[in-house]
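Consider the single chain below, provided in structure tokens and representing the form predicted on its own.
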Amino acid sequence: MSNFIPGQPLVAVVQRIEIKKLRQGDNLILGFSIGGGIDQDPGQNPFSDDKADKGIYVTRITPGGPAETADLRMGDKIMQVNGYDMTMMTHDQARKRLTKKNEDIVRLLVTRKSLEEAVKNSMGGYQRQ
């Protein structure tokens, strides 16, 4: 019998967000901007704690726009768009994935620092008997 003790599981708290694009003429408006990508300098990303993180982050939300209405927030890290993994994309690939003309609805999977903190805090208060 071994005394192997596994490490703590990685806490990744995700939130599903569905954004209905706003149609303006030929354009479909999401109401947010992104930063990051595997081709960008992660040291320039103000939202990542880990300066080697090349993920896609929400950098700006248009007040009153579709993203704000859907509760997307500045600093959210986009993990998936309509089921596609966004963790290893260039900035341009991510932008194209978000702005596909034939998609009126974008389903995002995001992680948010405030969610992770809430879970860590609640786990810290849990006492084993």
Partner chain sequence: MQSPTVMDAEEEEVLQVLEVCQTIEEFREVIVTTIEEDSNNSPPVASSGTGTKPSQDDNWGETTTAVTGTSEHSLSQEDIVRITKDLEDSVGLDCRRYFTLTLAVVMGLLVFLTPVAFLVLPHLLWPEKLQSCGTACEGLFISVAFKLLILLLAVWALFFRSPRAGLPRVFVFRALLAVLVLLFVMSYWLFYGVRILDTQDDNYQGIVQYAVSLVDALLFIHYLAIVLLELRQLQPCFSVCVMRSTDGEKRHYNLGQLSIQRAALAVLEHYYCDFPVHNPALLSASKSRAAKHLAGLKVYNVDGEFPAALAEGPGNNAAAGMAHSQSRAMIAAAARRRDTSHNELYYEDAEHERRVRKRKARLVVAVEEAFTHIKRMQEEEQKKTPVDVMDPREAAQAIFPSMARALQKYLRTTKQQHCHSMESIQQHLAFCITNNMTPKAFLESYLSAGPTLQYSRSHWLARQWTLISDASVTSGLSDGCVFQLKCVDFSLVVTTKKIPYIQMSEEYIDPKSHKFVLRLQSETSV
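Numbering follows the first chain given and starts at 1. Just so we're clear, the structure is a prediction, and the values are computed from it rather than from any experiment.
Absent from the display: the form predicted in complex with its partner chain. The rest refers to it.
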Query - Sole residue of 87, 69, 82, 40 within 4.5 Å of its partner chain in the model of the complex, by heavy atom - result: 40
Requested in this report: Give a yes/no on whether residue 91 approaches its partner chain to within 4.5 Å in the model of the complex, heavy atoms considered.
Outcome: yes
Query - Proximity of residue 75 to its partner chain in the model of the complex, heavy atoms at 4.5 Å - result: no
Query - Non-hydrogen atom contact residue 31 with its partner chain in the model of the complex at 4.5 angstroms - result: yes
Query raised in the report: Hey, in the model of the complex, is residue 65 touching its partner chain, heavy atoms inside 4.5 Å?
Result: no
Report task. Taking only heavy atoms into account, state which residues of 77-113 are within 4.5 Å of its partner chain in the model of the complex, ordered by sequence. Result -> 91, 95, 98, 99
